[in-house]
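One chain comes next, on its own, written as structure tokens: the form predicted on its own.
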């Protein structure tokens, strides 16, 4: 007898598993199909984010930063020690345990909420039927009133540097190094490249980042990207802009990379090379030819503003659809879709999705950049506050960076919050909450912020928008 569900979700990443849990909570019979397995061959829920993305990379970032602090940051606090060393396999093992706990936690949540977990490869057929190919090769077809496609994304491969997961690795392979490479190359100065480059640089690797674009962190506010480039370079990352990789040759346990820049063709040798040039949607064998769902010109599933595909009752969310490839975007899209399946008029504010880079200092922003607003002809007032003037940041010996608040010059409504510095992700989220409710810079300035906190920097930046900052000299308005 064919199984039938109210909702079938293909993919158990941060979009898929959240959608499945929400659907079950709303009383819909729900199944979630996932094929990914861990090193032990067991089903591992959570997608790229939990298994080989957001979570494991943050574990390594935190471990490597603690090592860096122990080496170089304790003396100022009066803490002396005879020396520290890093056990890389232990660090990687800790990361693996965190991943295992979280992925097993998703399985527990499925059970607690009544989600049917199905292991295998899901493929959408015509008529909202889903074909599931099991690990043993057997095939089952299940029916659904609604289907949510959430297959996620995978690293982009580039012909000049084919990944072998030995010498040339992608972001997944870079999480598994068992020793610190002496010379590490990174292709791509995006979020993944900067985070992974930072991890191994802190542990002693000589890191060179090759970025084809001439502009660093193009999506970030210019003031933030300039500060980030200066700070990361000072930390030891050799970031080469305008460096387009044209080839590579593996010689034993090293690789010679060829790239071109303003000076012509260059060669550089690395012990390991990370390819981190972006990600692409996973649509391989996802859609039957007659299922009715279409892809756009870039290979993403075509959806409307509410993630509905061209087939009624079929939706797609997360990395497989337009927009930023972010776990929190995928999760909220999943909730929106399920709410709409239940008949609620849920929607997402795509203008207020925060972006975060977990280097140190953290880099985060929400809303529009100053350069974007000026290009659109919007008159703005800008307030900035440096962490160097923050008592809490001084106490923590973490004073790099600043908070920047951008407001409409006519209405005072906050249009962007940009932070580079300690707890940037948390501070930007405070800004996002305010912006969701249409806050003005004056509103933020009138709120009471606890003292001493890093969030006072957001308060002061908001005050500075209108020339009212207390703990820095205000700029004279032109």
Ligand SMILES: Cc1cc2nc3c(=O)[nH]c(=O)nc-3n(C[C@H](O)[C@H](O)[C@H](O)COP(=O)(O)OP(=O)(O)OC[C@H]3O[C@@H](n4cnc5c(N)ncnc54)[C@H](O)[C@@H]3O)c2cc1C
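Please read all numbers here as calculations on a predicted model, not as lab measurements. Positions refer to the first chain, counted from 1.
The form predicted in complex with the named molecule exists for this protein as well; it is not shown, and the discussion that follows is about that form.
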The one residue among 275, 192, 106, 314 placing a heavy atom within 4.5 Å of the named molecule in the predicted bound form is 192
Just to be sure I understand the contacts: of 360, 95, 121, 129, which is the one whose heavy atoms reach within 4.5 angstroms of the named molecule in the predicted bound form?
121
Counting any heavy atom within 4.5 Å as contact, can you tell me which stretch out of 220-228, 382-390, 301-309, 327-335 lines the named molecule in the predicted bound form?
327-335
Please tell me whether any heavy atom belonging to residue 421 falls inside 4.5 Å of a heavy atom of the named molecule, as the geometry stands in the predicted bound form.
no
4.5 Å heavy atom contact, residue 403 and the named molecule in the predicted bound form:
no
With the cut-off set at 4.5 Å between non-hydrogen atoms, does residue 36 touch the named molecule in the predicted bound form?
yes
The named molecule contact at residue 59 in the predicted bound form, heavy atom, 4.5 Å:
no
Along 6-37, which positions have a non-hydrogen atom within 4.5 Å of the named molecule in the predicted bound form?
10, 11, 12, 13, 14, 15, 16, 33, 34, 35, 36
